[in-house]
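Shown next as structure tokens: one chain only, the form predicted on its own.
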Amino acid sequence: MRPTGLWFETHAAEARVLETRRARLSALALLAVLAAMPLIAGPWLLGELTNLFITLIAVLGLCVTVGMAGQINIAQSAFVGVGAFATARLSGMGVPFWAVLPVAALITGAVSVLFALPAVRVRGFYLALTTLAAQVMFPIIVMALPMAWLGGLVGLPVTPPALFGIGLSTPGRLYWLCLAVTVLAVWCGFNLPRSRLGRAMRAVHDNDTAAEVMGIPVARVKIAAFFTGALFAGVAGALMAYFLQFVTAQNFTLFASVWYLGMLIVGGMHSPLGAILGVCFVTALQEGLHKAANLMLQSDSALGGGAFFALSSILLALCVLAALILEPRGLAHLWHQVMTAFRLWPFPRN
């Protein structure tokens, strides 16, 4: 709902993501604060924010595949792993950083197409099993290939990134790099639904039979949804490889894929804003519970560290379930309700 006094003279102005001047100024202020973080924050906070940015890019890709096109994907962590291993191999071969990111994304997209082909004929539970098979197969394939290819059980080191002779491996510079890529990914995430492909994905999500009757190539759109979501995952994997500086198959587990999907569901599946809010909420909750567990361990509690962190994981899952029960449409819907009330205040809403 738009407040009284807000009108548009052109269709382009009405189609803006940030409709008002206040919203645009708020977004610029937030971006300025994030850009200034390396000047005021310590290495630990920069590392946590960098990891949050990488996770957000991966969940945005999941938002495209699951939220926009309605294709269940439980293998996003495996696709992130493909991008990470591709980055490790390419950086070890001397490929420049500016070429590694797009090539790793395209390799990940090409791999995702192989597992997207069953989506043409199956849906729902059967599609979930297909993507689950991709996640399970990923570490098996990595360890089964010759050790010279992907490092086997040991893994692969990653050559630090550099751009125009400037090293980007320090915490501050890597943070700025991930921030810039995340801003670009968020911009793509918000604009994709308004493109021709995005509208076709929405139609397939709502009713693929009706979409096919309208002339939309459903099979091609489903494959494109997996490919596009995997491009985000490939970029996230490349940044994660540079962040970790060493990649192994154990970094990309089914547990991570489930949490990616959980973040999207908590935030709201049908909007990139939901991916942003879900990642921020779940990440903050994880760090808060882990900090509380560390403080309790330092207080000489009788429970061991494994029990504390298992308990923190259970509490985290219960918090996520509570969020789903209290707001099943996600935090994005709650955000829109709060902003609508803020815009209309102090006028009553009938």
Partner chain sequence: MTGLIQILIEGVLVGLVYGLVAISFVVIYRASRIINLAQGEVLLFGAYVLWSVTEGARAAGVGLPLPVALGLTALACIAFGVMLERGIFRPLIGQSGFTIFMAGVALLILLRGVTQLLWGAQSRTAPVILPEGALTLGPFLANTRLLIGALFTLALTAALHVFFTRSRLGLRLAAVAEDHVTALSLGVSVRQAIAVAWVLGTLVATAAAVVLLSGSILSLEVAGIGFKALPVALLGGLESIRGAPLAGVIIGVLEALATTYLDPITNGAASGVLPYVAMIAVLLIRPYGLFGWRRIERL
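Numbering follows the first chain given and starts at 1. The model shown is predicted, which means the values in this text are computed figures rather than measured ones.
As for the form predicted in complex with its partner chain, it is not shown, yet the points below apply to it.
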Which of these residues, V154, A180, M137, L163, gets a heavy atom within 4.5 Å of its partner chain in the model of the complex? M137
Using heavy atoms only and a 4.5 Å cut-off, determine which of A310, L45, V33, A284 is in contact with its partner chain in the model of the complex. A310
Tell me, please, which stretch of 290-298, 64-72, 33-41, 46-54 lies within 4.5 angstroms of its partner chain in the model of the complex when heavy atoms are compared? 64-72
Its partner chain contact in the model of the complex: A133, any heavy atom under 4.5 Å: yes
Look up in the model of the complex whether N207 has a non-hydrogen atom within 4.5 angstroms of its partner chain, and give yes or no. yes
Given that its partner chain is not shown alongside this chain, does P171 nevertheless sit within 4.5 Å of it in the model of the complex, heavy atom to heavy atom? no
Taking its partner chain as it sits in the model of the complex, is L28 near enough to touch it, meaning that at least one heavy atom pair lies within 4.5 angstroms? no
Could you tell me if all three of F97, M240 and L244 have a heavy atom no more than 4.5 Å from its partner chain in the model of the complex? no
Looking at its partner chain in the model of the complex, which residues in 248-280 have at least one heavy atom within 4.5 Å of it? L254, F255, V258, L261, I265, M269
If the C-alpha spacing of C319 and G268 moves by 3 Å or more in the model of the complex, is that a move closer or farther apart? closer
Cα-Cα shift for L324 and D206, closer or farther in the model of the complex, minimum 3 Å: closer
